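Next up: just one chain, as structure tokens, the form predicted alone.
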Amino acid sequence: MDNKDNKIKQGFILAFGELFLKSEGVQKILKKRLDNNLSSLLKKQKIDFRIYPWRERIFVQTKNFKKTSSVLKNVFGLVWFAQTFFLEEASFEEMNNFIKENYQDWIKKDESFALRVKKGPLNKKRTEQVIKEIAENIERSVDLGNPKKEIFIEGRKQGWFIYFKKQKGAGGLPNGSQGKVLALISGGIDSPVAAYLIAKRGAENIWLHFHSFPLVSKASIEKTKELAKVFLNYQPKLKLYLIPFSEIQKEIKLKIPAKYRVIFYRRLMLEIAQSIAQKENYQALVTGESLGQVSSQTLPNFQITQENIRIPIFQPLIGMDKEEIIQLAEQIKTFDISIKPQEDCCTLFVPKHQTAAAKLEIIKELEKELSLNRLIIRVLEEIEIIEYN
């Protein structure tokens, strides 16, 4: 194929998802965020590119198709994308001649084909005429129902796009367009999946991890750091808070019956997380809980652990079973890290069986025995913060 003509560019055509359901003003804000995310994620992979942001499509000009495709599939806000030729400011005749000169490289002699034409202002009759004129120059058999190859053609005021296969995008809304949330990340399977799902809805994640070092090893810390690096495939940057929780756990162990300890751990974790969120203006908390999955995740215990929380708590996994969560963890490439061995912060100093239906009055009475204010202040002073870009 002769590609000397400067009007012929190569790259990817990107299609928006639900952005078009928004008002024009909101669309403008979301598209700007999407452009910024695209640029940041592509630069991170050291890809040479140029972005053309238009009203109905985005065109990313690049010759690095493999690396760019691997980035685009994780960008929230895109419903599909396709490797494409872009014939800038070309007439219909120029586009038709381009196909005539190159179709033999795209469709083998024994393969059937179908044309899928989208030309904005054309009425149905004119579109059918366009398809007929293009098809006359392609010496291959036509099969509209089950073709071996499809040629997609889009006419826009900027020029013509010609592409062959649409790839599914991540969907959702551009990351960071819906504010910031503080996600509690345990290092296990569930919480990174919850973080992913809330990121898909446009919320920028900030992560918080409670650990029990030096009572246990740093395994959960190292796993969380690994998971954070994977998560950079889905949002351009990530802040991680590492919270030392061992002193609070020792206080709870001394004064709280074993069957209630996980309830107290979770109750205090949420209160500490809320304190950080309110100070930093994060608008909600995110947890990886699934209703009924373990004893602390029953409705009575949710009521107790969340009693003192005054900001929204999002639980994206609440109606999912474990198999569904595992499948999504595998899809987003966090599963293999999450299953590495670690000592669970919430199971330290507790027996195997916990109460599934604690009573709030009992919890409040037991809470009077604790002297946690000083310890919580110390915890907040000893937070370690890591920034990933």
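Don't overthink the numbering: it's just position in the shown sequence, from 1. A quick note: this is a predicted structure, and the numbers were derived from the prediction, not measured.
Keep in mind that the form predicted together with adenosine-5'-triphosphate is missing from the display, and what follows is about it.
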Give a yes/no on whether S191 approaches adenosine-5'-triphosphate to within 4.5 Å in the predicted complex, heavy atoms considered. yes
Contact with adenosine-5'-triphosphate in the predicted complex for I198, defined as at least one heavy atom pair within 4.5 Å: yes or no? no
Can any non-hydrogen atom of F210 be found within 4.5 angstroms of adenosine-5'-triphosphate in the predicted complex? yes
Report yes if any heavy atom of P174 sits within 4.5 Å of a heavy atom of adenosine-5'-triphosphate in the predicted complex; otherwise report no. no
Sort through N301, Q235, S186, T84 and report the residue having a heavy atom within 4.5 Å of adenosine-5'-triphosphate in the predicted complex. S186
One residue of I263, M269, A277, V75 in contact with adenosine-5'-triphosphate, assessed in the predicted complex (non-hydrogen atom, 4.5 angstroms): M269
Heavy atoms within 4.5 Å of adenosine-5'-triphosphate in the predicted complex: which of the stretches 282 to 290, 93 to 101, 127 to 135, 161 to 169 has them? 282 to 290
